[in-house]
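Here we start with a single chain on its own, the form predicted alone, put down as structure tokens.
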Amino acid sequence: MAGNTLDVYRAVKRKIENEFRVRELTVKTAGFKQDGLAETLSNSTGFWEEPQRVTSKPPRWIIQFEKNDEEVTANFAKKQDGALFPSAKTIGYINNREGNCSAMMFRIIAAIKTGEEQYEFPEWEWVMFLIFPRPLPSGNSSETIANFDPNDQSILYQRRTFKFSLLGIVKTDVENDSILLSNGEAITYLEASEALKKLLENGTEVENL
């Protein structure tokens, strides 16, 4: 288990549910039942070894981090040619058969670029939640949440765009808070957290020139 992710998840979920209970709304989550990963991660691409296997039901949302000129940036998962992986903005999936979901919670993990075509996946995690102004339409037991757009503050659900009213990123305890890069520099969990906040709140990325 990566730090106290499940403890953080339970605490945050409980607080949201306390507010939602009187309105008979629910919080839907993904990736918290099983702490381990059944799917393999790729240290050469910084993404899933077989992306097509997890397109509709990603157990985690992978965000890539790198350091250039002493600045740490967070990026939606990209291939070596700079193009996004097709599911790079797919954050997870939910069971919304009842149609009373007004909040979602997902797990984010880090792919740290340590060298050319070389990534490391430390046991760093963040718990992210999204709150919507009204319940999402009822669906099935595995509805994909895709096309996360920080600028528009929206996601794609059932092929329709829905705006969220609040996004939260909660840090977890990590055992090793610094990852050494091949050039001798390092990326810390705190630096990654700040970069992640910028990316998810306003889409800020530094393009490689």
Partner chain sequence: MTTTLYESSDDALNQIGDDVRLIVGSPQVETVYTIPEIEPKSDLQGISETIYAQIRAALRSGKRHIIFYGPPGTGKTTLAQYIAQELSSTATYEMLTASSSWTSQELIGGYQPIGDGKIGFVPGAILRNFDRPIVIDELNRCPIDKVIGPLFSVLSGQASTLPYKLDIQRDDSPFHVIYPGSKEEPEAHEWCPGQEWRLIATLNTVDKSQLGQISYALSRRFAWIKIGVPENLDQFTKSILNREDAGTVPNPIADMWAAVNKVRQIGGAPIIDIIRTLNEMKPGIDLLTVPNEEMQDLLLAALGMYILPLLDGIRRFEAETFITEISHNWSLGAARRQALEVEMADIVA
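Fair warning: this is a prediction, and the values are worked out from it, not measured in the lab. Positions refer to the first chain, counted from 1.
If you look for the form predicted in complex with its partner chain, you will not find it shown, but the lines that follow are about it.
You can rule out all but one of 81-89, 113-121, 130-138, 68-76: in the predicted bound form, only 130-138 has residues with a heavy atom within 4.5 Å of its partner chain.
Contact annotation for T188: none of its heavy atoms lies within 4.5 Å of its partner chain in the predicted bound form. At the 4.5 Å threshold, heavy atoms of V54 stay clear of its partner chain in the predicted bound form, well away from it. Using a 4.5 angstroms threshold between heavy atoms, I169 counts as touching its partner chain in the predicted bound form.
Shown alone here, D173 lies within 4.5 Å of its partner chain in the predicted bound form, counting heavy atoms only. A heavy atom within 4.5 Å of its partner chain in the predicted bound form is found for one listed residue only; from N43, S165, T40, S182, this is S165.
Using a 4.5 Å cut-off on any heavy atom, the residues of 11-41 that reach its partner chain in the predicted bound form are, in sequence order, A11, V12, K13, R14, K15, I16, E17, N18, E19, F20, R21, V22, R23, E24, L25, K28, T29, F32, K33, Q34.
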